[in-house]
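Given as C-alpha cells, the chain that follows is alone and in the form predicted alone.
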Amino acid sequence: MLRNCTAARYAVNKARMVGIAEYSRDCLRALRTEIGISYDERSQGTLQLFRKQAQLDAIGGDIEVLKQYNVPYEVLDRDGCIRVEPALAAVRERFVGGLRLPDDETGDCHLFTQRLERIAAERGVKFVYDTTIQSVDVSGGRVAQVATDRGALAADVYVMALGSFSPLLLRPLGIDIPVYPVKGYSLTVPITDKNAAPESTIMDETYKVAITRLGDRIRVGGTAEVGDYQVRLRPSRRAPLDRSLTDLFPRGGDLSRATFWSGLRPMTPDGPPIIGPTRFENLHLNTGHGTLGWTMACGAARVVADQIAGVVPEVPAADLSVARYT
C-alpha cells in the first residue's frame, strides 16, 4: 500500500478505477431499463465537500483523471454546493466548496440485490444459502468441484467472488491475491425532515465519511480499520459518523434511532479490483473492489461474463487482472 502512495502510481490506479466505474454505471442503467428494477435510486450526482481551502486547491490530480476519461464535473463554491444540496445553506460556514460529479447515481445496494435475486430466480438461477464452502478441488489444470457441507457442486465455469474471503479459498490452489479485509462502519438513520436531509450523496473530505439519502433513510459510512475478519462494533468508531452528519445535516435525521453496523471491505493495495482469468482455465476472479463494490459491480460482472463467453470486453480489462501483481 505504501508503494502505491506516490503521485505516479495514484494516477495509474485512479485511471483504472474510473474506467471500470464509468462502464459499470452505464451497465447498471442498461439493466434498469431492461428489467425495470428499482432500489431507491437517485440520479442527482455526488458532491465531494471540502471544509478547507487547501483541500479544494489540491484537486488538480483528480480533475486530470476526470478529463482523461471525459467524466463531467463541476468545481463549486459555497453557493454552488448549496444549489445542489439546499440543506447545506444552514451550515454554509463549515465548508468552502466542492467537486461535483453530476452523472453519478446513488441507491440501496441491499434492496437492489434482493430484487435482483427474485428476478434471477424467475429466470432459472438457483441460489444456495446457509452453505459452508470447505474447499475448491482442482484436477488437470481445472476446477473440478466445490466441496461444501451439503455436498459437492460442479459446474463448467467458476467465478470466485467472495470479497474479503476470496484469498482464503484461493491460497490452497497456489493463487495468492493481495486482498485484505478492511472494516468500515455505517449508520442507517431515519429521516425526520426531508428538507433538511441530503438530496443525494455528500463525501465529507475531512472525515472521509459518505452521507447518502436512500429513500426515507440516511446512510452514513466511513472509517478504515485494518485488522481481522471480525465485524464486532467499536463504539468509538461511531463518533466521526455522528459528527459528520450533525455538522452538515443537523436536522436531517434522528440519530437516537440510528442502526450502527459494520462490514468488511475487500481492499487491494493499489485500489482497483481483481477481475479476470486465472491459471486454471475455468476459474475467474471478481473480487477486491474495496469501498466501491456496488459502484463497479455491474461493469465487473459484464467484463467477467464477456471473458467467459470469449467476447472481448467493451472496456480495457487486462490491467485489472491478478497478473498485475506478478
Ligand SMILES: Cc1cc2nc3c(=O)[nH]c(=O)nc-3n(C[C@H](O)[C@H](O)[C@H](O)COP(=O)(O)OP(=O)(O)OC[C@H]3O[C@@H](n4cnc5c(N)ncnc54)[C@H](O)[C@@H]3O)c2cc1C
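Note that residue numbering begins at 1 and tracks the sequence as displayed. These numbers come from a predicted model, not from an experiment.
FYI, the form predicted together with the ligand isn't displayed, but the following is about it.
**Q** With the partner left out here, check for me: in the predicted bound form, does some heavy atom of G293 sit within 4.5 Å of the ligand?
**A** G293 belongs to the contact set for the ligand.
**Q** Is T131 close to the ligand in the predicted bound form, meaning a heavy atom pair under 4.5 Å apart or at it?
**A** Contact with the ligand, yes.
**Q** Within a 4.5 Å heavy atom cut-off, is L264 in contact with the ligand in the predicted bound form?
**A** Residue-level check for L264: yes, a contact with the ligand.
**Q** Using 4.5 Å between non-hydrogen atoms, is Y185 touching the ligand in the predicted bound form?
**A** Close contact exists here: in the predicted bound form, Y185 approaches the ligand to within 4.5 Å, heavy atoms only.
**Q** If you check L101, V136, A161, V84 against the ligand in the predicted bound form, which one has a heavy atom within 4.5 Å?
**A** The option sitting close enough to the partner is A161.
**Q** Could you spot which one of L111, V71, A144, L169 gets a heavy atom to within 4.5 Å of the ligand in the predicted bound form?
**A** Result of the distance check: L169.
**Q** The chain here is shown without the ligand. Which stretch in 265 to 273, 57 to 65, 41 to 49, 27 to 35 comes within 4.5 angstroms of it in the predicted bound form, by heavy atom distance?
**A** Flagged stretch: 265 to 273.
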